[in-house]
Structure formats: structure tokens, C-alpha cells
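Have a look below at one chain only, the form predicted on its own, in C-alpha cells format.
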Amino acid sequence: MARKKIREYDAKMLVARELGLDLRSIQITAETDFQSLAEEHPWLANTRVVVKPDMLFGKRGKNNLVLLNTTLADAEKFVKERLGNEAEISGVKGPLTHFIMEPFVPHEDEYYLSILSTREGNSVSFSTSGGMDVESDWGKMKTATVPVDALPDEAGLMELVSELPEDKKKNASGFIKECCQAFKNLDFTLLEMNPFTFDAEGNPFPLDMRVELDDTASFKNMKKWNGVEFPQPFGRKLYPEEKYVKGLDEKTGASLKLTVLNPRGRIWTMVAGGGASVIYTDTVADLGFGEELGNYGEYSGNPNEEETYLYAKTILDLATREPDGRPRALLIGGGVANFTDVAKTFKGIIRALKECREKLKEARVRIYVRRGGPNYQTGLELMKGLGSELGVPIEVYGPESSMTRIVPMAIDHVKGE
């Protein structure tokens, strides 16, 4: 499971649609025409608004980046003074490119709610003291762990909201239960509302929301997620290779992903499958070599030979760059595929390996392969014969070996200097 953050605007749209809430949020970018907003959203004519950056960072209020209870004209001025400008948040600098604007809801009480996926189950936390100072009132937080395939029972819900006045307990407990159901239905890994309140009619209204999705569930949630974007973390710029692979991914029905973690790393991965990519990354980190991991990514969804070749060539170019005499390792790994033709994808990888033969030698790369699935025997045989042809050490394993067996082998090679 890979937790991916999404913008607050997208988070609110997903939750509103799932729970039937009337959340009238507007996303603002450099392309937004403020003059036409009132025509597109008639409620703006007589509603005061809140506006703030929507850039995957918190503490916006403490950084004076939230304008409350204001007019559309003042909101426009606030945004235009900041849009495109660089901000520094917790030591990270980056341009402000996205804002969110929504109705201002007069309120006195602010509550905190979070649902977090953990190894033990879904951790549900609620506090009667939400907002910017939630951490100073952490003692008011109540938490319950719920099995991933269940919802909180009535007793558990009542315990979570036990500090609320009697007239608010029913609404709050019902809302928490609905959020837990949405959490399951949409494959969230985190849903945090800090704070949420109730409007004048007693309807729940999340004032601030943070959501992370399990991106390995994207194959079954495309319609539910409505094409949601996974933006880069604030302040992070894409490497040219990441942009290139992103372009490949957008042109195919398969999945091609690349994140450069350390361009000078000595352990690189070319992994089939999103779940497998997480397992390999975690294993390298668990064995103490996370800082040497060059990349995170995956190819899956049965890419054709040409797509796999272009993806592999990009990884190999990164993995062999600026050789310094120290050994490096490449993990060509994956689980047992359901429908990806292993032999076909391996042919694309082999093409790339042949083209990078001299670079692989200069960078002292040793290759470790583990794979299973349709035509895996043919694919592994092709890999076995390639080592002597290239003059590059290649160790090959099939599904009879555990998926992560090749990781300590690669680390031992890198440690050997």
C-alpha cells in the first residue's frame, strides 16, 4: 500500500459525493477567471468566503495564509497577491499554484476527527477541541481501533463522543460512522478533518480536510475517484526522467511510475506491480540501506515491449550515471503476475540492458532478478543467457524463491565495495 496525498479540494469533492454533503468548494489556479466565478457559482453573490492555499502542507493559519469571512473581491486580491509567488513552509520553499475557496460557515465549536489505516486496523480519533491548537489539548483525544472490514459499533461511537453535549452526540456519532464507511468505500488510508463543525441547520461541515489514498487500489476506483490527481509534495520539482515516465504513463493503459529518491544511490529497482514496489522499498529500508535507494516506481498493467524498453532505459540511465568505482545493484523484481506477460516485458528490459552494456560495466552494476507469472520460464531463461553475453553479473530466481530474497544479496554486493 502506497499512501498518496491529494489536494483538499479533491478530498472534499470525494467525501461530499460519498456522504451527500453540500460542500461548495472552488479550486483556484492561474487559469481561474474571477469575473466568471459568480456566474458559474451563483451562491458567491451573497456568501462570504474562506480562501487558502491547497498545496499539501498544513499550518496555513499559523503562516498567515488563510483569509476568513471575506468578500469575493478581497479573496481575489488575496489570491492574486500570492499566486505564483514562492512561500517557505517549515523550511521548504515552493511556489503557490493552487488555492481553495469555499463558503465561510459561522461557528463557535470546532472538533477534530481522523481515521488512519494501521497494521492493527483503522484508528478512529475524535476530540471536542479541534483547530490550530489541537495539539495543546491532546489529552481530550479519544481513540478506538476498528477492524478494517468493520464499522465502529454503537458503544464505541458513544465512547468517542462522550464529552459532547447530549444534543450533539447523535449527529456527531452518525457523522463519524458515515466517514468510516466512506473511508472503506474509497480506499482511504487517512481522513483527517481539523477542524469540522456543524452549520446552523446541524449539518456537519469539514472546515479543513486532509486525505491520503491507497494508490494500489486505483485499478478499482477510477470512477469513484473521478480522475483525482496525485500532486507532487510542496516544493518538490520533477526530475526530467520523472517527467518523461509520467508522459509515457499518460499515453498507455498500463502503469509506469518513477520517483527519484537519491540520484547518487547505489541500489536501483525495476519492479513489476505497485504492491511489490512498496515491499522492495520497505525491505531495503528495513535492512538499513534506505539512503542508498535510488528510486521508487513500478511498471504494471501488462505494458508492451516498447513501453517496457523505454521505461527500463530511463532507469538504467539513472542507475549508471557518474560511476565512482563503487559497486551498484539493480533489482528487477516482482511478485507472481496475474496477466502481465513476463517474457514480453523482459524482452523490452533486455533490449535496454544490451544498449547499456558498457555503462553497466563501468558502474559495476550487478543485477538480481526475481519474477513469476505468465511465460515467466521463458523470461527467466532469456535473462539467464544474457549475463554472459553482456559480461554483467545477473542472478535469476523464479517464484520458488521469496520475493525479497534478492534484496539482501544486492545489499551484500553494495557493501562489498
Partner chain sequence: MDARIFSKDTQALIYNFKANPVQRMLDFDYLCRRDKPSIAALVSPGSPGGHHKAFFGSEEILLPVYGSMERASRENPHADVMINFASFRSAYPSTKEALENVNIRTVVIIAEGVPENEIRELTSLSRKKGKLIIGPATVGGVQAGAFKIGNTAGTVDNIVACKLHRPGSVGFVSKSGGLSNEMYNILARTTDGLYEGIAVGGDAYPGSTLLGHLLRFEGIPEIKMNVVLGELGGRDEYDIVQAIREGKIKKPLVAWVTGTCASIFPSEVQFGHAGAKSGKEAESARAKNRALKEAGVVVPDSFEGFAKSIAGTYQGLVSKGVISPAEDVEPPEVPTDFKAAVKQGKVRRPSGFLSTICDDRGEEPTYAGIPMSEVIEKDYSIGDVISLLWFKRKLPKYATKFIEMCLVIAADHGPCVSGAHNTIVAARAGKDLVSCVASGMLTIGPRFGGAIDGAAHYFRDACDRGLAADEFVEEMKKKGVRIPGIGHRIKSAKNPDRRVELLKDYAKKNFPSTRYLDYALEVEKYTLQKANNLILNVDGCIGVLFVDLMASSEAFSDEEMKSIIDIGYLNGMFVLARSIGLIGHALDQKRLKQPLYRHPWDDVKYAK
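Numbering follows the first chain given and starts at 1. Just so you know, these numbers come straight off a predicted model, no measurement behind them.
There is another form of the same protein, the form predicted in complex with the partner chain; it is not shown, and what comes next is about it.
This chain is drawn without the partner chain; in the model of the complex, the residue among 305, 76, 341, 178 with a heavy atom within 4.5 Å of it is 341. With the partner removed from view, the residue among 97, 259, 114, 129 that has a non-hydrogen atom within 4.5 Å of the partner chain in the model of the complex turns out to be 259. Although the partner is absent here, residue 298 sits close enough that one of its heavy atoms falls within 4.5 Å of the partner chain in the model of the complex. Although the partner is absent from this view, residue 110 stays clear of the partner chain in the model of the complex, with no non-hydrogen atom inside 4.5 angstroms. At the 4.5 Å threshold, heavy atoms of residue 158 stay clear of the partner chain in the model of the complex, well away from it. In the model of the complex, the partner chain sits within 4.5 Å of a heavy atom belonging to residue 148.
Residue heavy atoms within 4.5 Å of the partner chain in the model of the complex occur in exactly one stretch of 373 to 381, 28 to 36, 64 to 72, 359 to 367, and that stretch is 373 to 381. Taking the partner chain as positioned in the model of the complex, none of the residues of 12 to 28 brings a heavy atom within 4.5 Å of it.
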